[in-house]
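Read the single chain below, which is given as structure tokens and is the form predicted alone.
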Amino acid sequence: MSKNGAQNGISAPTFWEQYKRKPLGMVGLFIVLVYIFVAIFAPFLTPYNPKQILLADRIAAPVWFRSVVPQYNDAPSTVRTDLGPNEWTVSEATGGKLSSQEQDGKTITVIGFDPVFSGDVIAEGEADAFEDSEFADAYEKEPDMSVVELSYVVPYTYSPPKTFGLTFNYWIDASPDSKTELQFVIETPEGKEFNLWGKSYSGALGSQPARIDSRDLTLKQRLGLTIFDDPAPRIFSSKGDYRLVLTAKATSGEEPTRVCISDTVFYIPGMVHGVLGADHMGADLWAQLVYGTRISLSIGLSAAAISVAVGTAVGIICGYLGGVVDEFMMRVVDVLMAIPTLPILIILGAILGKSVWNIVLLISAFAWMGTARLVRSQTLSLRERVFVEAAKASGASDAYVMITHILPNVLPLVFAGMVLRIPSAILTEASLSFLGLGDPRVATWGRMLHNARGFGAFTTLAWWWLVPPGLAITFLSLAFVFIGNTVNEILNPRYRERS
């Protein structure tokens, strides 16, 4: 280390040797390393993205509940099936056929129907004979509809679910004189059919979304149920093979009719899911916890670094220059330290908008005063030292003295102070997010607690949603406190004199 660093009586190896002898410091360092590992390898620790929804039922319990809670022994896991052309089976085809087509990088299902009449030209001399023939009535009669029935078998071996759904997009290419009917049915293992959706169109049709949701009032009315009834337990009342049936009927005009279907997804949200269950939107809580580690570490380190940098600069300038500058800045520090921080952060957060970086800047703006006071007091002592007087006598500028001689000697205190600022920043961000002032687009531990409070985790006693983010905040903050106190004990001269 440099001469200034040697004055502290410590070198890098000596510092590490002393640090290793501090059990709490080593515990804190180990915990922080675990969090850093989780933050770096988050994509490999969970298969889900924290923004993915409908992965499971609302407030689904962890999957390991099946082994420890009897009521979850037979609880369903999520059933999700993407149905493309290769998954469907043609159960019936009269005048139509199933095919596939690539469009915009997707493989879509195409149900094609040939024209009813090929359009052969009748010679003028044959027209009267054709009109008198027995085929005239058949020609003028409206033709029967062609039918293509697609089916897919879903094995279901769990207790009845709470909800289920189906989504897909469809469009029809046809001549104006054509008619098309679409229908979706679920057939139970006992052979009972539930008609869940149906549409009828004439001519062509642009792209339309179809959404079947068992919680939808229209579906309940279609099945003859009241608003208080649940279709899912009625339909999936037994274990076995359920058949999904999509039927297309068409009467083509002079041109072929093509029914195109894409992005078909059938799902039954599970009542158990993943390591920590799911939130109110069916999003994976373990993914939110893991990815939240990145945000919390980023906020803590960024806010602490900015606040300590500002506080160090102000402290050195005030302590070294003194006079009016020192008096004015210290009064500013006194005023800012007297302001209740959290209410001001709430007000400014609401004004500036919900953004992670806004939170970092707000936390930094109200966290540098303590560092400024500490560094100022140390600078007042250092500026009277012989090496500083010698530098000034040799013609060194004030800026050179502050950067070259003062700053290296206050860095140990600054580093210890920065480590202790990190848990404060993490807790402040969690508090703001819990109050609804955090960025809703980013998964943070505070946002998890905010959602838990607002969407029923407390009323349903979903502790697997409440406890993990709270413990994550606690252990990370405690780890930095252990490290900060240990570093402060080693580097701070006052602590060394006491020991």
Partner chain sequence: MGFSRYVLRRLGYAVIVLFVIMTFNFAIFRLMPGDATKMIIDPMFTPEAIAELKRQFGLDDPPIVQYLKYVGNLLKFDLGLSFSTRRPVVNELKERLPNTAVLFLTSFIFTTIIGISVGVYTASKRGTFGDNFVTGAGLFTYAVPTFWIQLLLLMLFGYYIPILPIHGTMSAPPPDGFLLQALDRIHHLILPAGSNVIVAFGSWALYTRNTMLEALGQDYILTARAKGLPETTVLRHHALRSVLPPIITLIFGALPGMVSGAVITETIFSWHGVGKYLMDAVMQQDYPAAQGAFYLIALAVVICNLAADIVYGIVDPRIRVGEGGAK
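None of these values were measured; they are calculated from a predicted model. Numbering follows the first chain given and starts at 1.
Keep in mind the form predicted in complex with the partner chain is missing from the figure; the text below concerns it.
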query	finding
Partner-facing stretch of 462 to 470, 25 to 33, 52 to 60, 66 to 74, counted where any non-hydrogen atom is within 4.5 angstroms of the partner chain in the predicted bound form	462 to 470
In the predicted bound form, the residue from Glu190, Glu327, Glu193, Asp104 that sits within 4.5 Å of the partner chain by heavy atoms	Glu327
Contacting member of Val310, Leu205, Ile346, Leu301, with respect to the partner chain in the predicted bound form [4.5 Å, heavy atom]	Ile346
Partner contact for Asp334 in the predicted bound form: the partner chain, 4.5 angstroms, heavy atom	yes
Non-hydrogen atom contact Ala391 with the partner chain in the predicted bound form at 4.5 angstroms	no
4.5 Å heavy atom contact, Thr341 and the partner chain in the predicted bound form	yes
Partner proximity in the predicted bound form: Ser477 to the partner chain, non-hydrogen atom cutoff 4.5 Å	yes
Heavy atom of each of Tyr320, Val360 and Pro408 within 4.5 Å of the partner chain in the predicted bound form	no
Partner contacts for 422 to 447, taking the partner chain in the predicted bound form and a 4.5 Å heavy atom cut-off	Pro423, Leu427, Ala430, Ser431, Phe434, Leu435, Gly436, Leu437
